[in-house]
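Given next, in structure tokens, is a single chain: the form predicted alone.
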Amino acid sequence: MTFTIPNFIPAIPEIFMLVMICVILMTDLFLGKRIKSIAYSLTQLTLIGAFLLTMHQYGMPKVYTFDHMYVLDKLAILSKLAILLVSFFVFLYSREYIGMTKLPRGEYHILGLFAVLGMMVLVSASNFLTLYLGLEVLSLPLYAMVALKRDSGVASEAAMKYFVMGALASGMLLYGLSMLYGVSHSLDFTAVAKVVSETSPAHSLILIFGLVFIIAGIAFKMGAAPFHMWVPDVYDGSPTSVTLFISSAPKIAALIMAYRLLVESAPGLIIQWQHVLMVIAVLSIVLGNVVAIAQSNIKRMLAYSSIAHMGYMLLGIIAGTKAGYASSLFYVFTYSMMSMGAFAMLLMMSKSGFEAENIEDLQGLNSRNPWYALMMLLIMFSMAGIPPAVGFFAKLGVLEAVINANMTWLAIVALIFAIVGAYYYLRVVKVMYFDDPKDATAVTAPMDMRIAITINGLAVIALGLFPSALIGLCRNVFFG
């Protein structure tokens, strides 16, 4: 029996990330009280380093390592780059808020980096074990991050709900994976896909039964209906900096998990999972857009909005074509950017002893800071899918994919409720520009946050005016 040393090069960014987490953990322990910004600075350097290492891998041919448990392909590389970039902006936006609310700095950044590491492992998984490992490394830090505001009963309640529902969803996903393993006798995506496509009718019922549990687990991690019950409470109960994190980068990892499990592992069951996803997508789009209208709390409104957006994102997967998968990838990248910008604006408007959580807190923002109001307007227009913002092209891409797959009725339903959803986004714009402010003091923020929100807001328009570059990157993943 011989031992072969695996190829560590494809996993260099993850190894670097893990080493730096240990360094930050020890540094914060010994120097954190004396140098308060050390955890933040090292965290941002870690993300930049991991981004550069991942960028160096761009263009490499597809390679498997660790006994076929880990894959480095175009999808994994592009997803990691997006996750790292979004996470960098999330930590930048959160810096001032964490100091103001006295959240534990070291814990926030270390838990956040562990979650990023879990996402990176998850998107490169080519085996059920690796995928589940990445998912848990992502999920467990998020549960703790929600409860970081230790003296808040609302945050503790949200953390408990998130943990209990997350444990249930993980159990359902694991049970579904065990069904696929029972039939295929393999944990490898490629081997499972081969067995599933050649399976006998006697085993098809077991596979479909397992598929239902897998889709339930995926839908929970995405926050799609009817597995959405945790989303409004967690978004509302978490510190805004944690909500900002949960609402952005993990959505990218959740989509890649869905692609790996459904498209790569069970292509032989495409008809079955298409039908189940259709129901989930329609429920998410309808429920998310309708219930968001009734919300006065902007964090809960954006929570229901995210449920609707997950429904739109699933349309590309439902189409079952390469163009559909590319459109879903484009959608999740743009949604992460839009969601990040919206919650960042709430962070910037919060101040010591005051949390900007209600729509009325945005009243008269145009008179308090016209530039911030303009950035928020661009983000709201993009979320509503109003041209020329990038959200319009994101919705157009997934609608085109389902129409080309002869599912015109699905596109019609999605389009109708996109129009319905525009109401609550435009209500935010109306409040900012046409209502008198309750507080006339100017809204200010540090220079780095002002630059970041400007980049965020202008990117929404720039990618809407020139979407071909990002669309081309997404299509290259599946067509290249």
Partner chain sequence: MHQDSVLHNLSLTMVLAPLLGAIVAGFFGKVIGKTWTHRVTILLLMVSFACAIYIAKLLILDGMPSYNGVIYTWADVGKYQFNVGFLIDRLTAVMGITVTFVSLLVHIYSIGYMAEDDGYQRFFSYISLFTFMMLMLITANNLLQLYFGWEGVGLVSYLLIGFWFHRETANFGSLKAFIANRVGDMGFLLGIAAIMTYFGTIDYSTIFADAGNFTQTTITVLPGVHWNLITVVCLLLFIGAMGKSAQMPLHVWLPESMEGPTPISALIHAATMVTAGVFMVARMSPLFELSQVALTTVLIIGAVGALFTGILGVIQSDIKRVVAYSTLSQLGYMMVGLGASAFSAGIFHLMTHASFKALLFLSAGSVIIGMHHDQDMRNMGNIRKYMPITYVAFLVGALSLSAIPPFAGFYSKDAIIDAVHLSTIPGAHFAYICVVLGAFVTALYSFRAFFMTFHTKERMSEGLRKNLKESPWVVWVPLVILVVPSIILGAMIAGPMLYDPHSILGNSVYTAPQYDVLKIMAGHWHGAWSAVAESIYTPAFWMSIAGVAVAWLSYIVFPRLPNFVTRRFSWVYYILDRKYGFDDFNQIIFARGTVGLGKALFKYADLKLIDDYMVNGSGRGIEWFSRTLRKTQSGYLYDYAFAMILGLLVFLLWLLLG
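Please read these numbers as outputs of a predicted model, since none were measured by experiment. Numbering follows the first chain given and starts at 1.
The next section is about a form of this same protein that is not shown, the form predicted together with the partner chain.
- Comment: the partner chain is not present in this chain, but in the predicted bound form one of V154, M100, M229, I403 has a heavy atom within 4.5 Å of it, namely M229.
- When the partner chain is considered in the predicted bound form, only one residue from K161, R368, K74, R105 comes within 4.5 Å through any heavy atom, namely K161.
- Here the chain stands by itself, but in the predicted bound form one stretch of 116 to 124, 245 to 253, 377 to 385, 287 to 295, 287 to 295, has heavy atoms within 4.5 Å of the partner chain.
- Of the heavy atoms in S139, none are within 4.5 Å of the partner chain in the predicted bound form.
- Shown alone here, F16 lies farther than 4.5 Å from the partner chain in the predicted bound form, counting heavy atoms only.
- Residue contact check for L465: one or more of its heavy atoms lie within 4.5 Å of the partner chain in the predicted bound form.
- Under a 4.5 angstroms non-hydrogen atom cutoff, the partner chain in the predicted bound form lacks H185 among its neighbouring residues.
- In the predicted bound form, the partner chain lies within 4.5 angstroms of at least one heavy atom of each of the following residues of 148 to 184: E157, K161, V164, M165, L168, A169, M172, in sequence order.
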